[in-house]
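Below you'll find only one chain, the form predicted on its own, shown as structure tokens.
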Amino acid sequence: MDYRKRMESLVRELLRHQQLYHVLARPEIPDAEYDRLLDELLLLEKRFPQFAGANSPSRRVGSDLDNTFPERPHTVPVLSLNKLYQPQELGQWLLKTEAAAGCGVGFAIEEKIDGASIVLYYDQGELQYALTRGNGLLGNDVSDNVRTISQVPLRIAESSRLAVRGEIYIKRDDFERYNSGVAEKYVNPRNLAAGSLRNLKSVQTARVPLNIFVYEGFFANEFSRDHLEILQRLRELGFRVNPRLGFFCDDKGKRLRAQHLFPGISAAPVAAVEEYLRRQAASRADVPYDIDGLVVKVVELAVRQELGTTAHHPRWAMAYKFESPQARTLLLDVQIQVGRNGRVTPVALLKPVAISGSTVTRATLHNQDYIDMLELNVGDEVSISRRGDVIPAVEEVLEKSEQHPGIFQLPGSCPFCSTLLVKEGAHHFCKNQACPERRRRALNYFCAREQMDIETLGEKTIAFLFAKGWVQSIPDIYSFDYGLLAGQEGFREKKIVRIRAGVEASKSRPFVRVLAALGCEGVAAAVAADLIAHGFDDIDKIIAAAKKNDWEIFAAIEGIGETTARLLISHFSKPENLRLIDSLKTAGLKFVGEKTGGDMVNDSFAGQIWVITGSFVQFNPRALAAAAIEKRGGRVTENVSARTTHLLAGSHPGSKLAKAEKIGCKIIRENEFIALLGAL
């Protein structure tokens, strides 16, 4: 196996699923499947650290950044959590943590509510702004929407600066009532809560029954010794703190103190934790909101500081995830889906069954290998779970159908164009570029919010235009006379005007968006930004580089591996893709990046070889720093070597910093780098 290629493939897949879950609230795979992929990547990174990329999902929280809202830097740690699934595993983690601390430790256990993470920032007693978790360094400013939540204090009796982390959620009963009154149904309360924070009009958010619990406070005056004191102070200031707390410590005095601060708290020795976990899991249905686990935290702040954090998670906290609820139902049929790049995905059509308050009718079957593993066929009785309480999954066959005793097989040809399917790795593909389903999916992708953001051309409208034969390819979006919609059911004059305006507005989208929307596999917005920042700020430059058929031209850019580089060459060498670009140029789309002050500023970095590592506030993505170096004559490489002259080190720099220090190259921090640029 080519382990570097496998790691690059895992990184692309995991980043894509982070975007689907955190930003679009449209997850495609179960939590357990995501965790399996992440565990595989972690194992490979441990074995082959030389191939681990700085932007690996193992080094960052899942980002929910959305360019619709302004970004602000976080001033407090906003990390993700490591996860465990068995009570015994958590018991072992508690013992290991106590051993690392070298003293008796108290552990708080709080419910892990399935909602939308938020950070509230206060100064001089006033709520200044509210940020989503974002990528852990930056968050989206959703202050106007958060201010509509009555449970969020707008003024508090605390003059010093204060940051408060919390979870915005919706009770199940409130969700059912709200969902019954809207045309476009939401899948679950978490998706509605996350989506409501991104409403462009706060009056819409005010109509949604949002709640909040807070669980961490960062006081500028550092008055407290432990986590329980912080929660008590937050409660005094008017914040909602979840009263369903557990506290475990072998020190009886500390347990009594916890019960004094929080009457009714479950307080017991550490050995009782596993039984507490089982009780909480068994009683979760009695809680009026969705929880998918518990969070266990070291209480003492001094111990937290000593244990420290990784780039991804604190070492003093752990998430314990509940097992997914299951139900028994019947597999009615298997539907075959074909994506824009030709990937074939089988989907289980199920006899409707209720799980965790939701009715499940569909579940992904991933690929033929997954079906073979289950020995699954139409008519079988199956066990269904909601992994992570979100995505339905077929877990096992409980009883085989007498009418269909074998195993379901994917068709040999595409159900939409009859082209023979080709198996590559675990998946089957339709290789026909003219496949009508691939073309329809490509239209949806191009118009989606995260690409060209043509909001007025949603999936239903595109399906109608496609079925009529009016819009069959991406260039048709810009050449079709939308006046022909007059008189068609559902298309009144105002809607037609809005569609025209949306299409016209998309012509002003920046090159980075156009480049990502072209559909080159592996080239999402982040990779497109990296390309542009490294001099590929004109589509003709990318095409010219692709013609050289040298993947190392693109792979020289940090964050772009060999696999993505080869995909770039393949995509921008195909005649049909070049014809598409020519058509979109004619339509008036932007294929040249915005100028940022010329190609070269000066040659002050001439002869210098830089490596960039870690996370940055002003240089996010890091391609911005690379561009600043190259505009001054320097060269940026991915790995530290004997030739490296400078290392630009952000927060959480990893092993590259130690290697750079060992060889004696110059270490530059972000504030020094900013000052250096300003002085040149």
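Just so it is clear, the structure is predicted and the values come from calculations on it, not from any experiment. Throughout, we count residues from 1 along the sequence that is shown.
The same protein has a further form, the form predicted in complex with adenosine monophosphate, not shown here; the description that follows concerns it.
Proximity to adenosine monophosphate in the model of the complex, taken as heavy atoms within 4.5 Å, picks out 81-89 from the listed stretches 423-431, 81-89, 580-588, 246-254. Contact annotation: of the candidates Arg133, His534, Arg513, Arg304, the single residue with a non-hydrogen atom within 4.5 angstroms of adenosine monophosphate in the model of the complex is Arg133. In summary, among the residues Trp610, Phe446, Tyr215, Phe262, the only one with a non-hydrogen atom within 4.5 Å of adenosine monophosphate in the model of the complex is Tyr215. Under a 4.5 angstroms non-hydrogen atom cutoff, adenosine monophosphate in the model of the complex lacks Val338 among its neighbouring residues. Adenosine monophosphate is not shown here, but in the model of the complex it comes within 4.5 Å of a heavy atom of Ile113.
Looking at Lys507, you'd find every heavy atom of it more than 4.5 angstroms from adenosine monophosphate in the model of the complex. Adenosine monophosphate in the model of the complex comes within 4.5 Å of no heavy atom belonging to Val287.
Along 273-301, these residues reach a heavy atom to within 4.5 Å of adenosine monophosphate in the model of the complex: Val295, Lys297.
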